[in-house]
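Quick setup: one chain, the form predicted alone, written in C-alpha cells, and binding and motion questions come after.
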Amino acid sequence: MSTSVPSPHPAGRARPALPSAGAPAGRGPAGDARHRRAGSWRNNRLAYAMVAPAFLFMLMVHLVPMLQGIAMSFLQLNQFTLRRFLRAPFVGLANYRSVLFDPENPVRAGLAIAARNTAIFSAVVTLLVLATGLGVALLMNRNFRGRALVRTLMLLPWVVPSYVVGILWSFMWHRDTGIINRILVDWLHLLPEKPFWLMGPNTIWAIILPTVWRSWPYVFIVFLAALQTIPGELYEAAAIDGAGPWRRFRHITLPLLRPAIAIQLLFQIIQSVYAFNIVVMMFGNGSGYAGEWGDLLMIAIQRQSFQSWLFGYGAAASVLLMLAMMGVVALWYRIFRQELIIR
C-alpha cells in the first residue's frame, strides 16, 4: 500500500529554485552577478596589477595632453599671456571662429594648401603602402631557400628612425649630387635633365616616396601573419576545381584578408594625416618650409603657431583637425564594422 505525500506547491506553479551548495541562502540573481564579478576580480587581480602601470602611462601620455590642448583652444594664449598658461583669458569659441573664418589670422594662412597636400599625400601613401605590403607579403608567403633571411631584410626600412629617413632622403633628392638624379639621368637616361625634387610640384613625390619606403614593412609583416592563418586546403580545393591564381586571390585570399586590410587602412590614413618627422627633417631640420607642394597640415599648424607664439589659435586648429579625423574614423567604422566581428 503506497502513501502519497502532498506537495507544498500548488499544481501548475513553478517550484522556487533552491540555493546552490555553498551559496548563502536568500541571494537572488543580482547577488549572483555581484558574486561572479567579485570572483572575476579576485581571479584576475594579478593581470590588472600588471596592466595598471601601462594604463596609467598611456593616460598620462595621451589623455592628459589632449585635454590640456582642448583647454588651450579656449584661451587667449600667446607671447603676452604664456606665463599664465592655463590661467590665460578665456575667449570661448573665438579662436575657432578666427581660424575658420578670419583671413587675417596668421595661423590660418596656408592651411588650405596644406590641407590639399595632406589629402593627396594621405591618399597616395595609404594606397602605395597597402599595395606594396600586400604584394611583398604574397611573395614572401611562398616556400623558397633563404626565406627567413629575406623576410628579416625586408624589415630594415622599418627599423630606421624616421628622423634619419628624412635626412638621408634629403641628400638623395639633391639635384646635382643626389643619387636619385644620378640614377635617373646619368645612368638610365630616363630624363633629359636633372629635375628639382625639393622645390616645385615634385616636392609632393619627394615626401611621399620616403614615407612609403619606411611604412610598408610594418604592413607587410601584418599581412604575412594574416596570410599564414588561411588554411591551405582552401587553395587546394579551389585548384582542383580549376581556379587559377587570380581567382584564388580574388575569392579566397582577399575576402579572408579584409579584416587586416581594414585595420591597416585606418592606421595608414591616421599616420599619413599626422605625418611630421620625415618632412620636417627633410626641409631645414625642423624649421624649414617645404613649399607649396610639400607643406602638410601638422607641420603648418606647428610652424605657424610656434613661430608667431599663437598657441591658442594653434590649439584650436589642432582640435579641428582631431574632430575631422574622428569623423574619418566614424566613417571607417560604419563601412568596415562587419569586418571587425569575430566569427
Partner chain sequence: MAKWSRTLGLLLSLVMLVAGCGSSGQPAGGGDGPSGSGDQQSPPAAGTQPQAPATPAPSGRTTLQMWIMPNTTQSEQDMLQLLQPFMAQHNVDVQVTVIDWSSAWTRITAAATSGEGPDVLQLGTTWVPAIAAMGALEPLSGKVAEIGGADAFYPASWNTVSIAGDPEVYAVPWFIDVRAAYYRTDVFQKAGVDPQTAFRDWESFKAALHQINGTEIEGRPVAAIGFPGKNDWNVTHNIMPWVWGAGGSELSADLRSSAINSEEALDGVMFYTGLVREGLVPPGVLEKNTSDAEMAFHTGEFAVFFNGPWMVSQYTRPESENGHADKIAAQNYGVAPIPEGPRGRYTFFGGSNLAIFNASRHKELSWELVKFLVGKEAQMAYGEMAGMLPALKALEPDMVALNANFAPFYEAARYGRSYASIPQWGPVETVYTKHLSTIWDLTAGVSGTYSREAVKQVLDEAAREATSLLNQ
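Numbering follows the first chain given and starts at 1. Treat the numbers as computed from the prediction; the structure is a model and nothing was measured. Just so we're on the same page, rigid core means the largest C-alpha set that superposes within 1.5 Å between forms.
What follows is about the form predicted together with its partner chain, which we do not show.
Of the heavy atoms in Ala290, some are within 4.5 Å of its partner chain in the model of the complex. Proximity of Leu100 to its partner chain in the model of the complex falls outside the 4.5 Å heavy atom cutoff.
Contact between Arg83 and its partner chain in the model of the complex is found at the 4.5 Å heavy atom cutoff.
A residue is said to contact a partner when one of its heavy atoms sits within 4.5 Å of a partner heavy atom; Phe267 meets this definition for its partner chain in the model of the complex. Exactly one of the stretches 213-221, 249-257, 197-205, 125-133 approaches its partner chain in the model of the complex with heavy atoms within 4.5 Å, and it is 197-205. Ala109 is the sole member of Val150, Ile120, Ala109, Val160 with a non-hydrogen atom lying within 4.5 angstroms of its partner chain in the model of the complex. Using a 4.5 angstroms heavy atom cutoff to its partner chain in the model of the complex, all of Glu104, Phe276 and Ile341 count as contacting. Taking a 4.5 Å heavy atom cutoff to its partner chain in the model of the complex, the contacting residues in 294-310 are Met298, Gln302, Arg303, Gln304, Phe306, Gln307, Ser308, Trp309, Leu310.
Relative to the superposed core, Leu67 undergoes a C-alpha shift smaller than 2 Å between the shown form and the other one.
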